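This document starts with one chain, in the form predicted on its own, laid out as structure tokens.
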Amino acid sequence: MSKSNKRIGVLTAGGDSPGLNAAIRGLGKAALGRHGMELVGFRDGVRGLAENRSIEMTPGNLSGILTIGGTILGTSRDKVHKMVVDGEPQDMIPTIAETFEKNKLDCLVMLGGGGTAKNAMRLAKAGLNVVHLPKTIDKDVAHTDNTFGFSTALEIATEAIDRLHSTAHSHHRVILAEIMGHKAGWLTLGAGLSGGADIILLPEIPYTVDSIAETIQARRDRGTNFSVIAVAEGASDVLAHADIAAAEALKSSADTPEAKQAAKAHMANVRDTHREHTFRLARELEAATGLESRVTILGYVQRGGTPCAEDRLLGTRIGSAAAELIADGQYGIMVASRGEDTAPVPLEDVAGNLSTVPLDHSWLQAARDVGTGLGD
């Protein structure tokens, strides 16, 4: 059994997710028990880190949390270099570095998604020893096979689609289930396939109302007077997809602070215009097909509740692997899932990148093979 006198900090950031507590527990038990480290928790994400709201983590803190949803440490969505303090964005990296030193930390472990990976990268560039653990129900973090939170959300979304089938069938309706996923359609695609959705709409594949209506009509011609559609919240029709792509291009090409601000405002306006696209699509399909159409938005239900066995297992594996890597002095990394194993990935390869559904992915091919419409 290896022993270390290292002192590590841990925080959870971004949206809450099933499996966060399992990962905290996996990290903590391995760090305290196997490696003889000390563990300090920081409340409410990087804001609590900047404000030095810390708590000494003991075996008692880690007991009984494996099955609890959310995060015992609390979370926030702040950016380390643009944290709003007294109504103004401030660069809090120097303050965070002071907190790091005050707590005599050897490493900071940050549990979170893509935004947290960026924060971790900024802190690593500032000279802090940082390790990132990938969490998100969207499964959109780059260079990892899976993220804790995804499997639980997948089960919840699948069960919702299962339940919607019976009411859609009973009332001869088109029911649209909006599922989380702004830029990546993994959750919608997985739930749509698992729940037998008749049509699946993803951010990666722009749709047309005509194509969806044709799929619904083909089902009616076969004697089926209902359809269930799984819709990612970031899905868009071909026109909206083009608008968003143009706004993204404008944002990436902006080369002055003024141009960047204007591009950011334009992007926000474009996204606001398309924010309620699922309701608009329901109205358009009702007009095109003559079938009553209804919308169900799963929202934060997908994030809540007890984590499933897969997320508990993944969180425990990733957390304990992080403790091992820290004991070996490996920093500036994300602990990625690789099949049944884990692997360290440099933060610079992760930060700013997304894992979206490849258009040749086997899940998409399976959807097409079983006759699922994809709106294209």
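Small disclaimer: the values here were computed from a predicted structure and weren't measured. Don't overthink the numbering: it's just position in the shown sequence, from 1.
In what follows, reference is made to the form predicted together with 6-O-phosphono-beta-D-fructofuranose, a form of this protein that is not presented.
*Asks:* With the cut-off set at 4.5 Å between non-hydrogen atoms, does Thr116 touch 6-O-phosphono-beta-D-fructofuranose in the model of the complex?
*Replies:* Taking the distances in the model of the complex, the answer for Thr116 is no, it never comes within 4.5 Å of 6-O-phosphono-beta-D-fructofuranose.
*Asks:* Can you check whether Met180 is within 4.5 Å of 6-O-phosphono-beta-D-fructofuranose in the model of the complex, heavy atom basis?
*Replies:* Close contact exists here: in the model of the complex, Met180 approaches 6-O-phosphono-beta-D-fructofuranose to within 4.5 Å, heavy atoms only.
*Asks:* Although 6-O-phosphono-beta-D-fructofuranose is absent from this view, report whether Glu204 comes within 4.5 Å of it in the model of the complex, heavy atoms only.
*Replies:* No, Glu204 is distant from the partner.
*Asks:* Should Thr136 be counted as a contact of 6-O-phosphono-beta-D-fructofuranose in the model of the complex, where contact means heavy atoms within 4.5 Å?
*Replies:* Taking the distances in the model of the complex, the answer for Thr136 is yes, it comes within 4.5 Å of 6-O-phosphono-beta-D-fructofuranose.
*Asks:* What is the one choice in His274, His241, Lys251, Arg303 with a heavy atom within 4.5 Å of 6-O-phosphono-beta-D-fructofuranose in the model of the complex?
*Replies:* Contact residue from the list: Arg303.
*Asks:* So 6-O-phosphono-beta-D-fructofuranose isn't shown here. In the model of the complex, which residue out of Lys264, Arg77, Lys82, Lys104 has a non-hydrogen atom within 4.5 Å of it?
*Replies:* Comparing distances to 6-O-phosphono-beta-D-fructofuranose in the model of the complex, the residue within 4.5 Å is Arg77.
*Asks:* Heavy atoms within 4.5 Å of 6-O-phosphono-beta-D-fructofuranose in the model of the complex: which stretch in 205-213, 277-285, 159-167, 136-144 meets that?
*Replies:* Selected stretch: 136-144.
*Asks:* Can you list, in sequence order, the residues from 200-236 that come within 4.5 Å of 6-O-phosphono-beta-D-fructofuranose in the model of the complex, counting heavy atoms only?
*Replies:* Sequence-ordered list has one entry, Glu233.
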